[in-house]
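One protein chain, two forms: both are listed below as structure tokens, the first as structure 1 and the second as structure 2.
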Structure 1
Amino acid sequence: MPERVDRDGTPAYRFLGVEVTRREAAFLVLGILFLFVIPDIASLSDSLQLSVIHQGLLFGFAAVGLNLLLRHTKLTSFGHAAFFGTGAYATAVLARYAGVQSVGLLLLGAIAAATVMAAIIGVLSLRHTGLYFALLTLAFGQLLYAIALGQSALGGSDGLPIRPGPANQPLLFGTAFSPDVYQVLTYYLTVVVILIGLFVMYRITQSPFRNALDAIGQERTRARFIGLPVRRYVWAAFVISGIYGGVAGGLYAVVRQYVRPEGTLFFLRSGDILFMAILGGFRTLVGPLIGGVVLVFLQDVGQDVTQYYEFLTGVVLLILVYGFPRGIVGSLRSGGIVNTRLSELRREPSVLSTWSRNAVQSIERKVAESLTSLRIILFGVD
């Protein structure tokens, strides 16, 4: 049963180690219910496709894992698609060459492969920090991409299908379903896995392990002086982060029933995962998940609207980044910049003119600085 506790003077409830206020509990329940009714909502609208939301959630889940590194250790990985792709290809290899049909076993294989890959890359790259760490992760990601692209056993650029057994599809609960039912059931499986993953990540971020990572992220030398095994802690965080990527990749393979190097291992996929974490709010738990859905949705809608969808997506993302400087979730939550500005606007509507004037002045200043930089680049003088 939930236990009532006091959080800084505000009544809250603790259940299974999760502590929430009434308002947070209401948002939590509504969010979970919304996730489960998305297939019904998607069936009512042609503009909202379940596959797009599903794909956004999967990449967002990989971003949740990356966020552990980004938020607490201040390490930026440019190669997180390596773990996503490892999970996806491990699933494909098990289905094609070992004839594994069970979705559960395929996901366990994806987790095992991603864990091993993250452990190896972590040992080899965590000796460095900052730019060198980022470049090493990028290099390892591209190395795996080149291997998948060049190996005929992995299908080369054509990729591999995941259609094992006489049913020609992975089996859920030992049963083959029609394509429509399979799509919905795998979506619900993804939602359950995501909820478990978020719960585990929440417990990690409430543990002494998180405090150690924060100390390491703030100052490594000081953390080492107080006795923290810095490299071991960061390696553990790196492996956990990779496992989230592997689970997401395994689910992606099970859902799509096909994997290709471009969609799973290419370096731009790593950039997408990193951007999802920042767009949603890397200082929050669910922000990367929201960022994943928003980015994949914008890319999909943009393709339907115009052939210049990348330009359109870029413009919308710029608006989001400038409008939500702490990420979508980080800016919208209580105490965030959006809520603060809305409160100011409610108290004093005339503040809108001040904001407009400041925005114009800021744009003029940025344009002047850009022109100055351009003159220096072109003519070498200010």
Structure 2
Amino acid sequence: MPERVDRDGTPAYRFLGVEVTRREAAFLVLGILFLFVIPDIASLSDSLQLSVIHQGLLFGFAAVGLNLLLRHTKLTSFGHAAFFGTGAYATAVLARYAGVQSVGLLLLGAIAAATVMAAIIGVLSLRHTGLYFALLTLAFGQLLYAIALGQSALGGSDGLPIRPGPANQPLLFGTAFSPDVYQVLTYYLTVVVILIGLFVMYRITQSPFRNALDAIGQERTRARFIGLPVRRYVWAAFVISGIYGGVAGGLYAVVRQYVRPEGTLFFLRSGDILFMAILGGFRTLVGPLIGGVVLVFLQDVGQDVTQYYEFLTGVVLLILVYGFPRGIVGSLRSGGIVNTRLSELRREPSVLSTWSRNAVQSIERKVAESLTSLRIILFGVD
């Protein structure tokens, strides 16, 4: 049962090691309830599709895993689609060639494959930090993409269907369901997996392990001198984050019942996953998840509105990098940029004209600067 504790003067509750204030508890309960009623909301409106939100949650879940590396060890992996794709393809191969029908077994297979893959890629790329690491993870991810494209056993660019057994679908609780029911049931499965995953991630980020990772992220050499087995810890974090990707990929395969290299392994997907973490706010726990839903929703809507939806995503990214580097969740928090600006605006509405003037001025300045640079490059220093 929840136990009352005191946190910096505000009453808080502790349950299963999760410590929340009353306000946070309300948000938590509301959030979980919201996750569970999404299928009902989606059935009311045509513009909101369950499959889109579902896909966003899955990619966002992979981003939650990536965030463990990004937030604490300051390592930027640009190849996380590798684990997502490994999970998805492991599921597909098990279903197709081993005839495995149970969703649980398929997911276990996905986890095992992603763990092995993360262990191997981790050993090879974690010798490096910074850009070299980003480059290596990207290259390994693209290698897997190349393999999936090149092997006819994996279906090449057509991909693999996941329709095992006479029921032509993976079985939940040993039973086959109609497509509509299957969609909703797998959604609930995803929600449960995500809640467990978030809980585990929360516990990790409350543990000494997280402190060790933080220390490593700030200063590797010093971390080694105080006796931390740096390489092994970072490797463990890498494998954990890979497992999150693998689970997400396995679920994706089970839900979509089809995997293609383009949708799971391509390096643009790695970019998406990284972007989701930043978009949602990579200094927060649930940020990547929300970033995932928002990004996939944005791409889906963008695809309906215009054929130039990549442009749209790019512009959102630019706004994010310059205007809201803390991401959605980070900016909405108390003390975040949105709250600060809103309270300023409430106090003094005329501040709006100052903001727009400043924005115009800074753009003008940038253009003038770049024209000067251009002139210098073309004609030399005056």
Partner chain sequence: MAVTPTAALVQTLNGIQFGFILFMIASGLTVILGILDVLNLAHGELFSLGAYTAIGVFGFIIGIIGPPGGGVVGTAVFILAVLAAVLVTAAILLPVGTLFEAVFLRQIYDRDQVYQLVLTFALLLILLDVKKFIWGDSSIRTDAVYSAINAIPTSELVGLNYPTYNVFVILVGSAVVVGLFWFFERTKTGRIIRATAIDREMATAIGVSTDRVFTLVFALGAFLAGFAGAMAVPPTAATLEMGTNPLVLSFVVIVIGGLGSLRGAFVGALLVGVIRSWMITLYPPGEIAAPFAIMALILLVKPEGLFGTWGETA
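Note that this is a predicted model, so its numbers are computed, not measured. The term rigid core refers to the maximal set of C-alpha atoms that superpose within 1.5 Å between the two forms. Just so we're on the same page, residue numbers count up from 1 along structure 1's sequence.
As for origin, structure 2 is the form predicted in complex with its partner chain and structure 1 is not. When two forms of a protein are overlaid on their rigid core, residues whose CA moves 2 Å or more are considered shifted, and E310 is one of them between structure 1 and structure 2. After superposition on the rigid core, the Cα atom of L352 is displaced by 2 Å or more between structure 1 and structure 2. The Cα position of A368 differs by 2 Å or more between structure 1 and structure 2 after fitting on the rigid core.
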